[in-house]
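What follows is a single chain, given as structure tokens, in the form predicted on its own.
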């Protein structure tokens, strides 16, 4: 189907069906029924089988006309794409539609106090009893778990197998007595994350995703989408100030969904503030600072070009290995640290002060406190370097000391 034909069909359909007076769920239900909610998905599951390029064309038409889209904000999107890739037809039929309409919110239950970057070292236990899985353990750094309806959960179902082989992937209801969510306060003052305790929490047998023991392969799909998101923006392309019920409800949804991420621009280093700060303070006249600014802007430009090349190869259907997720994630971390370094050079001692009397109303101090997180979240820099070295450059793998049955491996308590 040609791009122009897609555009004409969508424009005509929107002319007939779009109204800002719809409720948010009602409008999204109309989108889902017509296949315009997730056009890159298969036709059997609410999509149209479009290519990624065609799907982007649809998104652009929505943005140009200020049309409210289907729900897809992370971690809803992570859950949806993983279920689509690995779920049974029954699981897809049950979970995908309410994700797209926004009726179900999700969270990600992967990291643990003793296994963060070493995700395969997860020790949360899942035991099959009387036809259902019983979950016991603790997760941490769980964004939006405090208002999630469901979680994507990695848990260990076999302690006698090597650690990557004994994991399974579950879809768990967060609204049950066995699940307790506790917020965590960060050093930058925000409380975006939670820790989640599961005590005899229950998962029906039908909510095991991808089969018992295949959790690592399923989790790899989730992680791939998560790492790609580090290059994306969480800002809505829709003007939320327009009149109409659907805009009002969408604005409330966006406020809830984006609140945990309000500090993420600071985590990424706020490169956008560098030039204006350098000019305002006169630091632009300092040759040493100018050199570091040039280094930062060069990194940012190179990362953008690398992302464009990876996207072009993906669109062309190339079979070449392009680890755009890991490269983009690592690049984002390096750029953020360089940006924090530059901001420190510009602000000097003022960078340590917080509050309205400090640099940019405390924004620079928040940058310095937040940037270290990007080197950890979504897999540490060391993890990304290993992935690139071993899977792309073909370098020898590291010597491992964690082989054999998981129960025999020394690990953090």
Partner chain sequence: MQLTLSEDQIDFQDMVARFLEASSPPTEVRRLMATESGYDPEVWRRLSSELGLTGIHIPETWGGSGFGPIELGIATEQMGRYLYCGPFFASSVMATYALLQMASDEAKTALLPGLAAGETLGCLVLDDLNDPVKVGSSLAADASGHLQGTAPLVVDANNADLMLVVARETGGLGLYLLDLLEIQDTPANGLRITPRQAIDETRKLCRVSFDHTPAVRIGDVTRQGLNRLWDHIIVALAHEMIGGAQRLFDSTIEYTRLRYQFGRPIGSFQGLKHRCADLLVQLEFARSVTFHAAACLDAGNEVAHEPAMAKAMASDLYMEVARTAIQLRGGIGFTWEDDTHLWFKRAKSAEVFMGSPHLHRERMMTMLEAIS
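In this text, rigid core is short for the largest set of C-alphas that superpose within 1.5 Å between two forms. Values in this document were obtained by computation on a predicted structure and should not be read as measured data. Numbering follows the first chain given and starts at 1.
Another form, the form predicted in complex with its partner chain, is not on view; read the next lines as being about it.
Just one of 132, 199, 291, 258 has a heavy atom within 4.5 Å of its partner chain in the model of the complex. Which one?
Of the listed residues, the single hit is 291.
From the list 114, 244, 204, 177, which entry has a heavy atom within 4.5 Å of its partner chain in the model of the complex?
Contact residue from the list: 114.
Check 69, 96 and 249: does every one of them have a heavy atom within 4.5 Å of its partner chain in the model of the complex?
Answer is no for this spot.
With a cut-off of 4.5 Å between heavy atoms, is residue 170 one of the residues that contacts its partner chain in the model of the complex?
No, residue 170 stays farther than 4.5 Å from its partner chain in the model of the complex.
Tell me, yes or no, whether residue 38 is in contact with its partner chain in the model of the complex, where a contact means a heavy atom of each within 4.5 Å.
Contact check for residue 38: no, nothing within 4.5 Å of its partner chain in the model of the complex.
Does residue 262 reach its partner chain in the model of the complex if we count a contact as any heavy atom within 4.5 Å?
Taking the distances in the model of the complex, the answer for residue 262 is no, it never comes within 4.5 Å of its partner chain.
Contact with its partner chain in the model of the complex for residue 158, defined as at least one heavy atom pair within 4.5 Å: yes or no?
No, no contact at 4.5 Å.
Which single stretch, out of 38-46, 22-30, 353-361, 55-63, brings residue heavy atoms within 4.5 Å of its partner chain in the model of the complex?
Only one stretch passes the 4.5 Å heavy-atom test: 353-361.
Output the sequence-ordered list of residues from 365-381 with at least one heavy atom within 4.5 Å of its partner chain in the model of the complex.
365, 368, 369, 370, 372, 373, 375, 376, 380, 381, in sequence order.
Rigid core fitted, is the C-alpha displacement of residue 183 between this form and the one not shown 2 Å or more?
Comparing forms between this form and the one not shown, the residue 183 CA shifts below 2 Å.
If the two forms are fitted on the core, does residue 131 show a Cα displacement reaching 2 angstroms between this form and the one not shown?
Residue 131 C-alpha, core-superposed: shift of less than 2 Å.
Just checking, between this form and the one not shown and with the core aligned, does residue 384 shift 2 Å or more at the CA?
Yes, the C-alpha position differs by at least 2 Å between this form and the one not shown.
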